[in-house]
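Next up is one chain by itself, shown in structure tokens, the form predicted alone.
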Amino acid sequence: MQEFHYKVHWRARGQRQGFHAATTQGSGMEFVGHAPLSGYSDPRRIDIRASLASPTGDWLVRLHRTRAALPVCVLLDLSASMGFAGVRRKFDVVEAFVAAAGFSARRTGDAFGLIAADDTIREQVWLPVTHARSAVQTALTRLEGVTPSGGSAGLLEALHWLPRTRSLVFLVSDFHFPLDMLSSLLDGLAHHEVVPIVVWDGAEAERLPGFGLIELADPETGRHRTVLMRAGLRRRWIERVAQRRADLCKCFATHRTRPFFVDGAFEADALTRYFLGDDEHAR
């Protein structure tokens, strides 16, 4: 099972010991200052040198910040377009990502949860955030046999299903819905740290034929259309896709987040590089 490494840019508030820098004080390694022994009765942390230098003559103890776990949630778009099968099935990419996210969260000591929606919440898929070792397998089991359908409006409803505690949220979709809705969704997620996972497929753009009849289908409306693909149309199609990508990046940047584009198979190492600041998959 693939594993990636992630980090957040804020201090976790959880009480459970974990990997991330926390707001609480305890038996951590990050020194934050001194305090009188009378207020922090832990003689094991007495700092002799600081106490001797104290102008008040108090015994001083060293204070440290601890490290804590945090919730990791996958917010998954199950609209009909996510069922597209071109070079590969988008849903296969989704399942590979969910498996890697759950496995990585468990290895890091964090809780993991899954929320999925199309026009409404898919309650049969919902997995509340949990530290259970079986969380990954439970999530994958609930995704078995799922057929993407409908639109994406349920993602806005899913905002109320997320933990109240600040979380790392992976928003997984192809984002084939209006930018106004995306902006509202990101506004609703402002409390959390959001990583948009943009799942596209080469057959939607780069791998279009140069000439010939092709059958187009809109999975969310059910409409079909036969088109004669030719050089000029193919060029305009690719330009529209590039413009859509630029518009998405601009919307994400406005909300202070960077997208991670998956144009083929999911690669955990690439997502690790994303968290380390490599923008290769965020353009």
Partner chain sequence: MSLADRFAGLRDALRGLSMRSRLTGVAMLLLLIALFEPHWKTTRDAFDFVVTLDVTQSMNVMDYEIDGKETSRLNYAKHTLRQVLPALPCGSRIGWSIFTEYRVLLLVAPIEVCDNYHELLDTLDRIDGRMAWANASEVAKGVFWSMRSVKELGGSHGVLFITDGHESPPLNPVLRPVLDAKSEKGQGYTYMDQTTWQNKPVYDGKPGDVRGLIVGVGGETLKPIPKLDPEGHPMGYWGADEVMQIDVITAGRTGSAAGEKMVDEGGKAVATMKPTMTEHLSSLKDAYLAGFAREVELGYHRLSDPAGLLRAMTAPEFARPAPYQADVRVLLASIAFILLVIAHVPALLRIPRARSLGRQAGKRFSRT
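Residue numbers count along the first chain shown, from 1. A quick note: this is a predicted structure, and the numbers were derived from the prediction, not measured.
The same protein also has a form predicted in complex with its partner chain, omitted here; what follows describes it.
*If we take heavy atoms and a 4.5 Å cut-off, which stretch out of 102-110, 115-123, 83-91, 180-188 is in contact with its partner chain in the predicted bound form?*
So the stretch in question is 83-91.
*So, in the predicted bound form, is L159 in contact with its partner chain at a 4.5 angstroms heavy atom limit?*
Heavy-atom contact with its partner chain at 4.5 Å: absent for L159.
*Would E193 sit within 4.5 Å of its partner chain in the predicted bound form, counting heavy atoms only?*
E193: no, not in contact with its partner chain in the predicted bound form.
*Can S134 be called a contact residue for its partner chain in the predicted bound form at 4.5 Å between heavy atoms?*
S134: no, not in contact with its partner chain in the predicted bound form.
*Is the gap between P71 and its partner chain in the predicted bound form 4.5 Å or less for some heavy atom pair?*
Taking the distances in the predicted bound form, the answer for P71 is no, it never comes within 4.5 Å of its partner chain.
*asked:* If you apply a 4.5 angstroms heavy atom cut-off, which residues in 94-123 are near its partner chain in the predicted bound form?
replied: If the 4.5 Å heavy-atom criterion is applied to its partner chain in the predicted bound form, 94-123 yields only E95.
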